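Two forms, one protein chain; structure tokens for each follow separately as structure 1 and structure 2.
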Structure 1
């Protein structure tokens, strides 16, 4: 296995620059997920690592060796694509063995590797079937098995679950997580699905318009987003954002004025913050509490029943309603007037530039928000 290091990596197509100076260290055996909206450059970055696209400038290292000019087949990587790309005329065994046959491996070595990969993926009974006889999830497991038998230094996954239905996505996601636990291989995984990112990753790389917005563990990014983009992208439902004005600052943090006159004090650093400054308060739906009277008041516009919980969409007189997650056994209905309490310990404040004000609370405090490690590329 091997580590992967990117140093000021840039990629341009003609005059259009799509990757802007990415610096990233991926440790040996780490599972790293690239996540971001469509067009953010995550698949392009993966293709640069694979050698399917040429690096315009910067350096790319795999296992300590610079590979900018090395062919994909010589990089020690194996890639699993969104499309299964299986040979329709070959059975599962031959599809998995084909790359090893091209590499002139012995028949006994090929057989051992194919059968071991099939055992890991629980597809031993499918080895004699053709791709047309398999379900989508089974085909994707064959594609993953074809990568496993190559014993690569690095596994690359380019949105491998996007063609599967919801149930198969969950099942195959679990299988990929087990594969990483069994092999401890270095894995880089691209997805636009934040649930996949949060459940699979040791660390997440959030990309936006070809730039790295933040790098960290799933909980670091969830609890301590570096900016408005990361805060809004990670989390389902999305974090609530409320424009506010700073009313005062002191050693306890920053107090802001809410739209209907209430206030909340957020334990963030007041350094450089002035009274009257416009900021954005962010709070996740799980941390908004329903009361008879609260810092905010509104009318329930819509109730989404989810079984174990339900989502209230509350009109507070702003363009976008506030989303509140309530237990499934609570009773609310559209048109009901309610009060809302915002716990400052779970709030975030973002300046007009989009950057988050750093939290005063240290790691392990009652906020439950661990310290973040943010990397912002130039």
Structure 2
């Protein structure tokens, strides 16, 4: 059992508080990914769990025991650093064996574990090399190997793939997923990369300025972002945001008036919403449909071809253009006037505080969105 529980954890460096009371419950064997903009405190939170920084206030539990004052080595964790942090003067074997040696394991036990990890990571032929004689990907494997041999209850990764090239990233990502499947250890993983977050995570924790914005499964966060920040942070290209006014509320949801006159009814709970209130409508680029005539009209400012899909940046008379993604090659050119339709079933509404209005889940669909999509596709 190695669940990780944070209770109102705060961290200050001198006067500056960087973690503002984080509560988090990570189950045994879960793969949790921390995402958030640069400087939001992801690394700091990870280092607090590792014990490399002291918690300023709050409680930290690993496997049910309070570990606030416990040394990193006694917490049953292993950490993989972004910069690998291998010992430059030791060869690969000694790098992996160092921790076991300090733990006074027997020579044969050390040897067995190191060779087992090396076999798993396919670095058996590199055991005699120094870190400087390895490629970036090989170094990263050694760093992961060093974590594996400790047999930790909790793995901590701080942007482990950010120094690798695209192909190696995909490969190592898959290996980490396999490692999780094999060991069933709890894993906490910090990344900037949305694809890594979406593919690896059981649950994603979105952090912003030292606070947790939302915790949930990748699809939960993608389909039901709790607020503007999460909606804008997850998904690439970013969700479109259009400020508009509420024109009517009823049992079907909230009807809003778009800037140039059209209306959209969004199936969200109307509780507490007044007509005339200003809200922000959010819709992902994939869900905007291009028509000759639609709820919105605009002029294409830029076409970006991505191969499997293309992006239209449409000027709708506001400072930020609306982004539309459609499959295949573009049938349109820059300068063309087009109409856009927004399907209310795919829209989100955010109040001025930033919070999202809860979706009205259609009958038989607990999450709401995927079902709505299915209906639409039919």
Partner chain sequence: MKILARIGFWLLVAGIGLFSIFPFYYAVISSFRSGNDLFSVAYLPERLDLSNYVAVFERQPFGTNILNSIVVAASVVALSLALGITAAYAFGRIRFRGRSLLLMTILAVSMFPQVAVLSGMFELIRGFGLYNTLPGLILANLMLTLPFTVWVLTTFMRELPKEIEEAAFVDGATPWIVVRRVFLPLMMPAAVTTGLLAFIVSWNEFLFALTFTLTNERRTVPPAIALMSGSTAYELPWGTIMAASVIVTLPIIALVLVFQRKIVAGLTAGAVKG
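Residue numbers count along the first chain shown, from 1. Please read these numbers as outputs of a predicted model, since none were measured by experiment. Just so we're on the same page, rigid core means the largest C-alpha set that superposes within 1.5 Å between forms.
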property: Form predicted alone, given as structure number; result: 1
property: CA of residue 124, rigid core aligned, shift of 2 Å or more between structure 1 and structure 2; result: yes
property: Core-aligned CA displacement of residue 151 at least 2 Å between structure 1 and structure 2; result: no
property: Rigid-core frame, C-alpha of residue 252, shift of 2 angstroms or more between structure 1 and structure 2; result: no
property: C-alpha positional change at residue 90 between structure 1 and structure 2 - rigid core reference, Å; result: 3.5
